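This document opens with one chain alone, in structure tokens, the form predicted alone.
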């Protein structure tokens, strides 16, 4: 099936892979609109592989990390949510809603800065209702120390005390940490550099994480700073990632057993 054929192809909601295919098609549409790059298609497919081995659901370790992430965003003095093409294509409305609830700006920060791409992403975010979008004015850009890729060009991220990186981005996460910034990562790969370097790692699919963050934000906004700090202090990222890896091993063992039973007939 070509991309043009895919445009008119409706996925029946009874299809066992309906949700996965729905978001796959959103990524493809994003490619057509310059929001997503060809490399973004590969990254999305890699993420799907990891999603399979966590059971395509938000696990307890992920829920714990989400709660800590929201608390951290609420108490940060200068938080920023970084936006790349994939997340803009997948869940722009949810991302915008989260930014508004938390009163955190969105900053477009790209590895592949193809001509017209920043404008395309900005348009998608504005259509979704975003009003505070950064990373679109070259005159306000500065270079982040420790990076040589296009991601070094930043706006508010330069002075942020906390940056949420939704989707894998190892080199920038390392650079942000070396600059003494807190990092929240949403990454389906629990052993990526992004996941291991971050202060809070949510090992989950962004299409599930961001809506869950909105739900938690409405609850945690009622808490005071002491209560929010307690949530963060009770969170241990290293232990949480280890728990996530244990769950993955358990899931694979279970699938192995079920597969063998099928093969036996």
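Residue numbers count along the first chain shown, from 1. Note that the structure is predicted; figures quoted are calculated from it, not measured.
One more form of this protein, predicted in complex with a small molecule, exists but is not displayed; see below.
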Quick check for you: of 35-43, 232-240, 64-72, 215-223, which stretch puts a non-hydrogen atom within 4.5 Å of the small molecule in the model of the complex? 35-43
Let me test this: is every residue among 47, 85 and 109 within 4.5 Å of the small molecule in the model of the complex, going by heavy atom positions? yes
Hey, in the model of the complex, does residue 122 get a heavy atom within 4.5 angstroms of the small molecule? no
Contact of residue 102 with the small molecule in the model of the complex (heavy atom, 4.5 Å): no
Check whether residue 151 has any heavy atom within 4.5 Å of a heavy atom of the small molecule in the model of the complex, and answer yes or no. yes
The small molecule contact in the model of the complex: residue 196, any heavy atom under 4.5 Å: no
Tell me, which of 188, 183, 89, 160 has a heavy atom within 4.5 angstroms of the small molecule in the model of the complex? 188
